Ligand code: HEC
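The chain below stands alone and is given in structure tokens; this is the form predicted alone.
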């Protein structure tokens, strides 16, 4: 009698084991139905794009735009004084528009209507200080004003005086604001240009605020300089 074998012999009648073995096997693909390689798909897409572009050009359907999409001509600025044409045609209107914005730093004391506050902040509307000599006016805003002053026959004494704006505003900004107050609330006077303000700045060597007595020699003196030509360049239309 022979010794029993230690090797395991699977039971060919075990259907579950047979099915599991079959499921682990990959299905055989029929000839001609194998998956298309990804490289072939990619190359086909490139060929289709190029062929479509050439076909579109020949048929007039569409064409590739190879121009720079950021190379465009800016539309003209519609704001008064914003474009070269408007600013060159009427520098007065450009100065008035910019000066109206700059006046915000003055309106807290002199008020939006230019009437000031009785006894403290003098009015700008109808003020001889505003419509008088341009040199006195430029010097006032450049270095400020302190002490009692008389405006339109009324006395004013601003606490601490008017502060200087020369260091806080450029020559162009000061010129625009001064042109604005000289032509608002019924005032009508010539423009004050950036060149006029720069001339006063270059000639004036002062570190403290002015007084009314110090400014008396400049009350009727105008800063020399040309006023730009153009409609409304020398005076504003009637105030509304």
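Numbering follows the first chain given and starts at 1. Since we're looking at a predicted model, the values are computed, not measured.
Not pictured, yet referred to below: the form predicted in complex with the named molecule.
*Asks:* Using the partner position in the predicted complex, report whether residue 133 sits within 4.5 Å of the named molecule, counting heavy atoms only.
*Replies:* No.
*Asks:* In the predicted complex, does residue 113 have a heavy atom within 4.5 Å of the named molecule?
*Replies:* No.
*Asks:* At the 4.5 Å heavy atom threshold, is residue 122 in contact with the named molecule in the predicted complex?
*Replies:* Contact with the named molecule, yes.
*Asks:* Taking the named molecule as it sits in the predicted complex, is residue 157 in contact with it (heavy atom to heavy atom, 4.5 Å or less)?
*Replies:* Yes - in the predicted complex, heavy atoms of residue 157 and the named molecule come within 4.5 Å of each other.
*Asks:* Thinking of 105, 129 and 169 as the candidate spot, does the named molecule come within 4.5 Å of a heavy atom on all of them in the predicted complex?
*Replies:* The answer is yes: all three residues contact the partner (heavy atom, 4.5 Å cut-off).
*Asks:* What residues, if any, in 140-160 have a non-hydrogen atom within 4.5 angstroms of the named molecule in the predicted complex?
*Replies:* Going through 140-160 in order - heavy atoms within 4.5 Å of the named molecule in the predicted complex - the hits are 140, 141, 145, 146, 147, 149, 151, 156, 157, 158.
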